[in-house]
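One chain comes next, on its own, written as structure tokens: the form predicted on its own.
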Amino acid sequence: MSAVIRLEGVTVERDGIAILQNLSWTVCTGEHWVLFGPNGAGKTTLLQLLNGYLWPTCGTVEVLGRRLGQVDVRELRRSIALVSDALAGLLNRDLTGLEIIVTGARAHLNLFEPLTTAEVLHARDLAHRIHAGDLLEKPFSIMSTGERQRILIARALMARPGLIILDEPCAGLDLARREELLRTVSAAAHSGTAKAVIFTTHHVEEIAKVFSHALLLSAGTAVAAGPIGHVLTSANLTRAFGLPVNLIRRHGRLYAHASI
């Protein structure tokens, strides 16, 4: 399988402090990864690297076969769909769900020309496939946080990206809205639109069954990386978080309890 992401010996330093240290990581086509770890582990810095907003102090970063430093990052970003709270705040909130989805194909934050028939048909099809069809006519401004995230995922797919990055999409959601969003996330990963999906979270309970692999970070280094069952264990989480963690797997989902 071809590599969607390849990092070799990557270190990122700021003011003489290593934020990431000697990180090597490969994501292959068809793999969907969870990026997991405590606050300050280096997850945000890693996402900045993948999107070409940050360069490594040393080491190499390749995304979708293109190496940072040898590629126009503006062109690279057109092949990467990032779903985050920050993006939701930049979009025109007067648009409907359908119109927000179409902006993804145009790589704009607003609409400047009427929707085409082809765009409408494709956007409606995507929305229904990932369980967001009920939001197409609803104004973005009055959607709940979970509803906005579902529309943003459909918007990401509209651009036909090679890589989708979901940056803590469940943050702030209650139990019901979280499960609703995870159904959308699973449908998006199963759609085959992107070569790989990266999902960041602080909570193992948010990891849907569709995710096959995990990268566990702590203090800028990789505690473990690989198939999710081998990486997310009680021993590894105890090491990453610095306190005893008991991890339980039930009906294909993970649940954690920490002892303080």
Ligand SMILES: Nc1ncnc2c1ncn2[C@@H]1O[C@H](COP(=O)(O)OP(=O)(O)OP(=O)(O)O)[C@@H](O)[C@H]1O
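Remember, predicted model here, so these are calculated numbers, not experimental data. Numbering starts at 1 and runs along the sequence shown.
Quick note: we don't show the form predicted in complex with the named molecule, though the next part is all about it.
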Options 189-197, 222-230, 58-66, 34-42; stretch whose heavy atom lies within 4.5 Å of the named molecule in the model of the complex:
34-42
Contact residue in the model of the complex, chosen from Glu180, Glu168, Glu147, Glu119 - any heavy atom within 4.5 Å of the named molecule
Glu168
Give a yes or no for His202: in the model of the complex, does one of its heavy atoms lie within 4.5 Å of a heavy atom belonging to the named molecule?
yes
Answer for Arg14 alone: is it within 4.5 Å of the named molecule in the model of the complex, judged on heavy atom distances?
yes
Do Leu247 and the named molecule come within 4.5 Å of each other in the model of the complex, heavy atoms counted?
no
